[in-house]
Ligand SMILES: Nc1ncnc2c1ncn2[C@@H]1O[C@H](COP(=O)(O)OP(=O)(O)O)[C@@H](O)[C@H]1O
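Consider the single chain below, provided in structure tokens and representing the form predicted on its own.
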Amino acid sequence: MILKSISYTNIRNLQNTVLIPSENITVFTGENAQGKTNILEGIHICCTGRSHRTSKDNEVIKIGKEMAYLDIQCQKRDGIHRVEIALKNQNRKAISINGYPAKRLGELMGQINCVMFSPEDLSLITSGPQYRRKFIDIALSQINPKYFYALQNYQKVIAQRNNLLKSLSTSNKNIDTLSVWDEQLCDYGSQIYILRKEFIENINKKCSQIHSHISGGRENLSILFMSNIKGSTAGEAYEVFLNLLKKNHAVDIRRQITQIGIHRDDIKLMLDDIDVRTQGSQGQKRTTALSLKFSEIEIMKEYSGELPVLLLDDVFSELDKNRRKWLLKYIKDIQTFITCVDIESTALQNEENIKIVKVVEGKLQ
């Protein structure tokens, strides 16, 4: 897939503009705090419906404005796809796909796929399980709308179950309804578990190959799925999950929160016998994060038959010479958007088919 045009209106500090990117590499240069990352943020919102920097739409809207607007056109094998998103201060965002209003956010998933990599993605390796779950959720939601809907419903059900647990800590009046929430949680949770399990098995194979290339064959990367749910089918996972919830009723009521479930899932990243999160060097952690992101690209291509758009936010300054060289070789067939302070920091000066855009106080030159 190739982005043909991106229109920005009232997006953070960006001047209202239409960007016509290169079909290969578009580089945004300029000093810090000029608006380079805002350009990538707009693309990410059109792909996933959310900013990668904040969960609040009003933070994306230019100060003093009531609404922001994004309009992106993408060439895919079956023709042009158009996504329009209006972000509003007081109301929910409005999404239009190919000229038709979307009733649900899930309709946006898979229209335009992207993979984003920034220095902050080191938290994938170094921080808590929620960051690794977010990585899995964003990737799977883009390639499988059923996953997105199951995840949304799971989150709603667990919120309701937790509210019930709080009330049960003081009164047993509605304890009979706990089994109803258990069954719904297991229904959605077992679906999510199986899709995550398959995704991690797939990404493990690709990560191992990619990491071997980046590290020159010196290290073997493997990914282990850590979940308190087990099973080779959704049916088996459902039964395991349900039995665990029933056994844990007393603990859940005492602690007023659901202790068991896919909201506790994690992945362990191993380099041979070393846990990268706790024992890896900074270089190993950075290379592992890079391997994860580029494995995501391979999986998206496998599912959709098309390469996603790649967004690299100030990444080159974090990579050594060998990693930069590998990265440049890898992205030659992918439409890529890059932010950097200056072009010299990317080693892209002599590459062909590059469009360079300077960003100064939100203006694109």
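Keep in mind that this is a model prediction, so the values were computed, not measured. Note that residue numbering follows the sequence shown and begins at 1.
Although not depicted, the form predicted in complex with this ligand is the subject of the following passage.
Interface membership of Ile61, defined by any non-hydrogen atom within 4.5 Å of this ligand in the predicted complex, is confirmed. Thr17 falls outside the set of residues with a heavy atom inside 4.5 Å of this ligand in the predicted complex. Contact check for Thr26: every heavy atom lies farther than 4.5 Å from this ligand in the predicted complex. Although the partner is absent from this view, Ser55 stays clear of this ligand in the predicted complex, with no non-hydrogen atom inside 4.5 angstroms. Stretch 33 to 41 is the answer when you ask which of 301 to 309, 319 to 327, 66 to 74, 33 to 41 has residues with heavy atoms within 4.5 Å of this ligand in the predicted complex.
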